[in-house]
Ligand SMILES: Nc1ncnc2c1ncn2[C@@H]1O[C@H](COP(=O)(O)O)[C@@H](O)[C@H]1O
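This document starts with one chain, in the form predicted alone, laid out as structure tokens.
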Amino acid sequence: MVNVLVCIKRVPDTSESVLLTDDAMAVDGRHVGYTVSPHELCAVELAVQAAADGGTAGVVSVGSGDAVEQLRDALAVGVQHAVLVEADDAAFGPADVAAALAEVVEAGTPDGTPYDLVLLGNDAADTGDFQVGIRLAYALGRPVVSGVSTIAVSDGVVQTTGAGPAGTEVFEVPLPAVVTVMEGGVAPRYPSVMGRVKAKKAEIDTRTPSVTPRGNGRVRLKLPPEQPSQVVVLGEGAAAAPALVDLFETMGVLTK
């Protein structure tokens, strides 16, 4: 039995063209909607699986009241309770977010039971911050493993699996621990109709952090230049076959 807390962030949906705000300090989500990152969707799924054997899975977000939408999405797929730490997104940097999350972790589950495992996405989908998970572990004095694809909890130990420079890496650390998750290890589940109904009615525990924000020190965000696309017409019908074969040979797909 393990109690898990997942930390998620409301971010603009960057599956389409990415636009920046006028001051270039954030991704502009006005025209694309909001979601959570694929890393965090996988973290939610891992939490639900880990807590299935009599444990508890919770979810927390630090940010505006609009993040309730993302918290309810997590509740709809099996998370049992949700906490919103209301804060100014623009004022809170990674260190501030980690400090606010540490307060929630230290308070424990709704009945005061400690969290054994804290899961986060490996990085923020909007700002690319890789810091929060490491800073949170440091604040809590817990071991941390980053870039994980799957987890398995047994006998007070979490075993993590992830991709490393030389292949698959497996680490075992004692609980309580902090783990940051990369997408790809599990497939996030879709909420059922009943899950959505329960999530809509669920109470969200709203808190105010005691953290005095220091900010993120960000100067600006910068979009990489667009890569031009090029289309080459190889021919029409059967006449295009020789050119296609030559192209495959150039790509190394075919060899003479």
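A quick note: this is a predicted structure, and the numbers were derived from the prediction, not measured. From 1 onward, residues are counted along the sequence shown.
Below, we refer to the form predicted in complex with this ligand, which is not included among the displayed structures.
- The stretch from 149-157, 97-105, 72-80, 167-175 that comes within 4.5 Å of this ligand in the predicted complex, counting heavy atoms only, is 97-105.
- Heavy atoms of no residue among Leu5, Leu46 and Asp116 are located within 4.5 Å of this ligand in the predicted complex.
- The contact with this ligand in the predicted complex, taken as any heavy atom within 4.5 Å, belongs to Ala124 out of Leu140, Ala124, Met182, Val144.
- Within 4.5 Å of some heavy atom of this ligand in the predicted complex lies at least one heavy atom of Val60.
- Though the partner is left out of this view, Gly128 does reach within 4.5 Å of this ligand in the predicted complex, counting heavy atoms only.
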